[in-house]
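Just one chain follows, in the form predicted alone, and it is written as structure tokens.
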Amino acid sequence: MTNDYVWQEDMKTSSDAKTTTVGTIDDEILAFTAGKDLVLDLQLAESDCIGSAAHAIMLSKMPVNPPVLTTEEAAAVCKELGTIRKSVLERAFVIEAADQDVHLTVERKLTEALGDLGKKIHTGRSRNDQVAVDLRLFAKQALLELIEDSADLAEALTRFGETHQKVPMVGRTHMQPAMPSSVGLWATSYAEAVLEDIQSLRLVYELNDQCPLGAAAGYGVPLPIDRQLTSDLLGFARPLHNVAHAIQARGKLEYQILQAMGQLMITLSRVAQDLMLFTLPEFGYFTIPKVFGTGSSIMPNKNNPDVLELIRSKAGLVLGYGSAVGHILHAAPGGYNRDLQDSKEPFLEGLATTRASVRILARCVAGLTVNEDKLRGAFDGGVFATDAALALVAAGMPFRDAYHQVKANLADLDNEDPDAAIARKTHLGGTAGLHFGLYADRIASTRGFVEKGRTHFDHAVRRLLS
């Protein structure tokens, strides 16, 4: 007890303290509690200006007398927020330690430029709903960019598959030769997987497209604020209704987005793993442009598939980021808790890592070349065994009898034609039944979704900060 008391007194009388907007804080405690926000929050600075502009306009329309902000004062605030946003875009915006985070930095800059108007901007809101709306505004743009990049990857895989749709390729199970397949089937299987992952991204985009602003610390405020107006001004689909949920949804939403990105990264990792396998000299099915590899510091002959290896590694990182946020949240009680601060870094890193991986893999796929001789040379009689058994079934033999007859005579299949084998599978989704227009339509639909979302959001921002 005595030692605790002495420690507390030492902290109170320490000369190593900073005066901040919300009080005097010991330097070491300030550094610990601010964490990496001085750097991470730079990514949220533009969003903070946009959210603050909508909040200022809402305050000017709030039916109180005297008004918190007049229409003219709100316009002045929005104009200054536009100036601050410009400094963000020009990378001249700095968050100082005493500010703690982006929110107090923006408020300080407004106060320095506009005096009491800057002091009024925080009326009716908390840093809790402020960071929640910043993250959602940032994620709105980041998800649209990621969905667009994913459409590019799906298109690269589809084009590669369509170009080489008639090139035979040994299909594998357990990594062993199994049945006749094609380059077209292999490539578009991953294109379809990416398109399904895009569906997950669109779902979390819709979950993200809800406005928490006005929830304050999670319990609302005794002022006639208009949360629907704020949501509309920011271009959200709707406001989150329950103010407690609006705050508690933070962290869980980031977790859901990371989970969706994790699904996409699993697909990317499997493509990368296949390409590393099929470009081995022992396979030689495909050739990767040398620009996607690096040399060895000791072995002059090496060109290592570093890009693909890093995609495989980064898939693990993104899955880990999701797990980290889930673990941060799983034991948290209701209401805001400072634990949520630690969900910011894995979320932002996950977005950046996933987008970089998608973009680089799309370029890699677009640069692949196919070595048809190697692909055809990989076929042996055993690969045609199932097809041969089914041919006997079509002639009237029971399947199990056909199975054993073919198994006993595998050597008879050594001269089978792989081109003829893949041409026979004309059913939906088979090697000769691929519908490339289906993929093109889904990719076009994705691009339309992105364009609509981007236009709507850009229009909202221009209205606020023009």
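A residue's number is simply how far along the shown sequence it sits, counting from 1. Predicted model only: the values in this text are computed from it and were never measured.
The same protein also exists as the form predicted in complex with arginine (ARG); that form is not shown, yet it is the one meant from here on.
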Segment assignment from 330-338, 297-305, 224-232, 138-146: heavy atom within 4.5 Å of arginine (ARG) in the predicted bound form: 330-338
Contact residue in the predicted bound form, from 85, 120, 164, 127 (heavy atom within 4.5 Å of arginine (ARG)): 127
Candidate from 106, 213, 361, 131 lying within 4.5 Å of arginine (ARG) in the predicted bound form - any heavy atom: 131
Arginine (ARG) contact at residue 192 in the predicted bound form, heavy atom, 4.5 Å: no
Arginine (ARG) contact in the predicted bound form: residue 250, any heavy atom under 4.5 Å: yes
Proximity of residue 46 to arginine (ARG) in the predicted bound form, heavy atoms at 4.5 Å: no
4.5 Å heavy atom contact, residue 155 and arginine (ARG) in the predicted bound form: no
Within 4.5 Å of arginine (ARG) in the predicted bound form: residues from 253-274 (heavy atom criterion): none
